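Only one chain is included here, represented as structure tokens and corresponding to the form predicted alone.
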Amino acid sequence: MSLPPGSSTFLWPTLFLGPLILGLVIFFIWPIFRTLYLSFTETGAFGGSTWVGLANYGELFSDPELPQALLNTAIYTVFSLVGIPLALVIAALLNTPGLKGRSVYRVLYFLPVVTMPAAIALVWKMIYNGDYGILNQLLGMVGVQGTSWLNNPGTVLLSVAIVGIWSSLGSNIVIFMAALQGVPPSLYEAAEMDGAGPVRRFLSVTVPMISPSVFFITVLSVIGALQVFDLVYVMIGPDSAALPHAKTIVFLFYETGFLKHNQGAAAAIAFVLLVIILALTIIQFSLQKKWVHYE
């Protein structure tokens, strides 16, 4: 059977894009509207749901745990952004001409990216252990008294954030290295002829030229940090006394939906998180016009 003239213009794009669009609708678009609907309902013990209007949101915003969870999530997000300049510096060092063992360094830095987050959390939980952890043993060798890092309210969130930074370094370094290799050498030569030193060349040439990559990583880092759950769950757990000082918004969602079996309130938390992520992403896209340089 021959196709009508011009039908291939629509047929082939539909065949290629159809599965992608279908997946987006099933796994992303539909869950958003389903979560929004559930946030206005109360689910019974034997299934079924009853419309309760804004009651779940009223219960959520009167919950004293919500401000602390939002504060913990915000602090964790700020900590996670520290990893971006750190990754940039490491990528610049790895991009140094003539560096020996570059491939080995790349593998070592990228290894945490392909490792399961639960495995990473378990290893670091042992490292942080106040009784036999290697961190306290190393600190003891230089005369510093360690602490129980994951049980101390003052150090628990920072300890988890350090693991998050460490585990995300590899992917950020790979992106930065690709961006650094795209900077025209002629710009460095011109800056050097003008008397710019290495630091000046880095700040005036490298950073502006790779600003699109910095923006891309910043957006992904913020979104990922706002959704952190696995590290908190594995490293601290729901029974720890230090949990209130590291409980994030997603952990509060898990606790409300799966431990307290309040699916309506959990859906409200998920939708509030969606609004926060959407608002921050829009703000970042608005501000990027002032500091991101596109060729």
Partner chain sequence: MSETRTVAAAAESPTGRRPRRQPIVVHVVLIIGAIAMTFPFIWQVLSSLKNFAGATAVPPQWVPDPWVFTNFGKVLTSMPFLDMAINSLVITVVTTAGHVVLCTMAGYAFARMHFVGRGALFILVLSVLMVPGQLFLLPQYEIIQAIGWLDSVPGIILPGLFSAFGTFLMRQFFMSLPAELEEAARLDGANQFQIFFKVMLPLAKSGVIALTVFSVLGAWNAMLWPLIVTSTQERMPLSVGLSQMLGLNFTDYPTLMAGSLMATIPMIVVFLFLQKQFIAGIAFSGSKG
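In this text, rigid core is short for the largest set of C-alphas that superpose within 1.5 Å between two forms. Everything quoted here is computed from the prediction, not taken from an experiment. Positions refer to the first chain, counted from 1.
Just so it is clear, the following notes concern the form predicted together with the partner chain, a form of the same protein that is not shown.
Engineer: So which of Val78, Ile134, Leu203, Val144 reaches within 4.5 angstroms of the partner chain in the predicted bound form, heavy atom to heavy atom?
Structural biologist: Among Val78, Ile134, Leu203, Val144, a heavy atom within 4.5 Å of the partner chain in the predicted bound form occurs only for Ile134.
Engineer: Closest heavy atom of Pro208 to the partner chain in the predicted bound form, within 4.5 Å or not?
Structural biologist: Looking in the predicted bound form, residue contacts with the partner chain do not include Pro208, since no heavy atom lies within 4.5 Å.
Engineer: Does at least one non-hydrogen atom of Leu54 fall within 4.5 angstroms of the partner chain in the predicted bound form?
Structural biologist: Heavy-atom contact with the partner chain at 4.5 Å: absent for Leu54.
Engineer: Just to confirm, Pro85 within 4.5 Å of the partner chain in the predicted bound form by heavy atoms?
Structural biologist: Pro85: no, not in contact with the partner chain in the predicted bound form.
Engineer: Is there a heavy atom of Val234 no more than 4.5 Å from a heavy atom of the partner chain in the predicted bound form?
Structural biologist: Yes, contact at 4.5 Å.
Engineer: What residues in 217-236 sit within 4.5 Å of the partner chain in the predicted bound form, counting heavy atoms only?
Structural biologist: Contacts from 217-236: Gln227, Phe229, Asp230, Tyr233, Val234.
Engineer: On a core-based superposition, does Ser286 travel 2 Å or more at its Cα between this form and the one not shown?
Structural biologist: The answer is no; the displacement is under 2 Å.
Engineer: Rigid core fitted, is the C-alpha displacement of Val78 between this form and the one not shown 2 Å or more?
Structural biologist: No, shifts by less than 2 Å.
Engineer: Core-aligned, is the CA shift for Leu20 between this form and the one not shown 2 angstroms or more?
Structural biologist: It does, since the Leu20 C-alpha is displaced 2 Å or more between this form and the one not shown after the core fit.
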